[in-house]
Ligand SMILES: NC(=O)c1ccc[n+]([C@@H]2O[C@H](COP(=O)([O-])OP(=O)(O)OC[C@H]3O[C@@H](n4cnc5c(N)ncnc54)[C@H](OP(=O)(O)O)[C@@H]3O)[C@@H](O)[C@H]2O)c1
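Single chain ahead, written as structure tokens, the form predicted alone.
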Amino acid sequence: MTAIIIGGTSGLGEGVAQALVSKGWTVGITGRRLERLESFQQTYGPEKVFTQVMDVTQDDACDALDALLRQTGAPDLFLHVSGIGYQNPTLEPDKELRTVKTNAEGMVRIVNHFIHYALSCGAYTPEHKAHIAVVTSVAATAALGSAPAYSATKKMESTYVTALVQLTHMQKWPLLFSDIRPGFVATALLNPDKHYPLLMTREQAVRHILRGLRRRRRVIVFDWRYKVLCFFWKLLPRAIWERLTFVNN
């Protein structure tokens, strides 16, 4: 089995990559930092890990993906994790725009390019579909006032995946999709100086992700506490949510 992980040098991407390699998968990972890629490959071996420097915000990111695909071949799993986020209550423009460029534009660029590859490479059939998964967030359920661009881009990612699922059914493409919606996970994405409710370790999150992917779940929310929370978030009237000024995370 082969996986490509976009954003596999830190956080959830790195955790999933480590877990898959330990289970005998061949893994291709991308990231902006060459030293992190080289370290990962040296740890797990060049026969099991292929690497490619990539910045999803740049036009040459698709060329980088093509270079990685030439090394791995058509993957069974294509996992897009790459993303950034800030608590930005002062609305610093650079943070907001950088988040949009990475999470929204970057995700569309890479996922769209892989879909074109999957439809043209001849490796996928109705019996062997390309499994495309995107890590979004529970923030896609209800926007967080302290992180406007992050909330908006995660909602966009989730909506984009939903549209792709419908398009896939319309076109009868050999693809299937998973929308992975973690809550707060102890990774570098979070501000270490703040307290986060329902915080999970990276190891816990990775186990939930792998279980959901193995079962080919369309939407993967974890754990049960976040499932309950998201259920009630959906029921809460917008006017009430917008006035919940104590929501600081």
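Quick note: we count residues from 1 along the sequence shown, nothing fancier. Source: prediction; values computed, not measured.
Form predicted in complex with the named molecule: not shown, discussed below.
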Looking in the model of the complex, any heavy atom of F40 within 4.5 Å of the named molecule? no
Indicate whether S178 is a 4.5 Å heavy atom neighbour of the named molecule in the model of the complex. no
Is R218 part of the interface with the named molecule in the model of the complex - any heavy atom within 4.5 Å? no
So in the model of the complex, does any heavy atom of F184 sit within 4.5 Å of the named molecule? yes
Answer range among 136-144, 69-77, 164-172, 89-97 for contact with the named molecule, defined in the model of the complex as heavy atoms within 4.5 Å: 136-144
Are there residues in 87-115 with a heavy atom within 4.5 Å of the named molecule in the model of the complex, and which are they, in order? T102
